[in-house]
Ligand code: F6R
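Before any questions on binding or motion, here is one chain by itself as structure tokens, the form predicted on its own.
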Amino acid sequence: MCGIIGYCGPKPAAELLVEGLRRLEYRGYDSAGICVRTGGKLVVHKKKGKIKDLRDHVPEGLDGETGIGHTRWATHGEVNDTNAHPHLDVTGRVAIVHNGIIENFDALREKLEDDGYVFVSETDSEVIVHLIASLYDGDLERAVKQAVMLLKGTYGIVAMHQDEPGKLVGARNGSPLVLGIGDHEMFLASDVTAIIAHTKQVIYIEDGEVVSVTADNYQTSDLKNRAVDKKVEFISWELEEIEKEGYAHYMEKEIIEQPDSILRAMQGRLDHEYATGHLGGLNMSRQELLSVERVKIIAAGTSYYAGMVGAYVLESVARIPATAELASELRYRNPIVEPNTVYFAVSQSGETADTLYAMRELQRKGARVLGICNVVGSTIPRESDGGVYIHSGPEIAVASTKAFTSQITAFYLFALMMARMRHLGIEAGARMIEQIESLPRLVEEVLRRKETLIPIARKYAHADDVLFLGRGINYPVALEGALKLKEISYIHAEGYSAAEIKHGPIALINEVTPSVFLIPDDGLRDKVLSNLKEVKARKGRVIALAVDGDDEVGRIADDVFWVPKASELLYPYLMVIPLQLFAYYVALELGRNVDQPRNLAKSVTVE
């Protein structure tokens, strides 16, 4: 959600901070600001709106070689200049930026106000800067440690003090923070995206740790002042991967990248000799895998729908009972951890708060939790018991696209591996490998047809409501299609099982509300077609996603997007990509901010 950038080094800090914030725009925000130490004082410039508004607000040639910056996504207090970060204490000598939520801020604020501290914002974050100021005795690191021990909630914090030039102190609990090690310069950030242009050497700060940095040195310790040895890791991807490369939007680029991202998710993980999948990162022996009796998948948003597809594949291919659950609900349900059950925590960013906290709750109860994530080095992969990186590459648009298809690829590989260890013969395994390997080609064929969706999107762009309907493995794809349209076009959309339409949603059918039907050539095709006819009988308008040659659908539906014929299990890929494109083209027609839709954040790091 919010973004943090900090810099110590010989270069003008203001320029680097604004550049870093620009690379964090994708996380979602409503205001931005920087603080630079210049002329012996801390100077803050912050502004409601976008980075371009901040850039116009920051004076040209602002001097200073140390500073912090922030993009805010409002949680406490309205969106305005005052509530934007960084925050200063009353003396103007301490500045902080903060990601997260301080749960006991009311009590802390009341105590600080009683002690004479004057608050100017409505934020929970401002209590942190006043706490640090109240505890400061000449050592910023010590004051930060004492302050965070009084906090309840989540935080990623970077602080600076006017009297300690060239120094930053960061602390973390539940909100990501990474140290970037450059050439006589250091960076602190919430995301490596902010610093990849300057360094690929990073250290991930863990919960309960504090890092103190200068241009040439860093020290990591815990809250009891014990030194913590950290491993320096190397970021493998290139800066160009987070640029638009000529595309109008990141979302468009990321949809088009899916043949390659799906291929990366499967590369090196298909064993042709034994016709099985190979997932070395699971950290489970063959005997442990054979003892698995149930799989439960926890996730949120798009990752939850990918988990629903994964559960379907695990049951149909590996014959293992599997379910997907919302992480936010599971955590507070006092979940029962059953023996011989494996859990998967699925998150593109690896930082999704609901999923991370649910994973920790399950682990406390003795569960084995595996991660399926995209961002290497993020918290869920580090804290899970094993797992799979999907290698989608950076996903910048808030609305997730390529991560969805890569996540379900990971489940297909796991299902194949589990099935081959149990009941699936080698010939059937080889056929499934052949089907999986055909995916990049099939997806490329779908993408070649994308422009046929543009007139359909324009035709329905001004609808007030849209229904998305599918069955079986494509039911969660319908849910994902509705989510995409809601996210970036702001049109009300709902996904349902097509079988459920007669149990209530059919009351919504009228001559202006379009229904999007997913009609693959599978065992449920005739059932879905029957539901389509029920809608048409009530003068409803129908957009169908159907398979080449299905003339009956072509005669009945008002508009059809055709997908190539494929194996039943592959249709989620061929159906979801047109839905992503449909949402994209509708949003374009309506003039929406496609990559940064209102009120949304890419990485949801608070509850």
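If you're wondering where the values come from, they're calculated on a predicted model, not measured in any experiment. Residue numbers run from 1 along the displayed sequence.
Beyond the structure shown, there is the form predicted in complex with the ligand, which is absent from this document and is the topic of what follows.
Checking 342-350, 262-270, 453-461, 198-206 against the ligand in the predicted bound form, the stretch whose residues place heavy atoms within 4.5 Å of it is 342-350. In summary, among the residues 531, 302, 212, 489, the only one with a non-hydrogen atom within 4.5 Å of the ligand in the predicted bound form is 302. Of the listed positions (130, 98, 484, 172), a single one reaches within 4.5 angstroms of the ligand by any non-hydrogen atom in the predicted bound form, namely 484. Using a 4.5 angstroms limit between non-hydrogen atoms, residue 398 touches the ligand in the predicted bound form.
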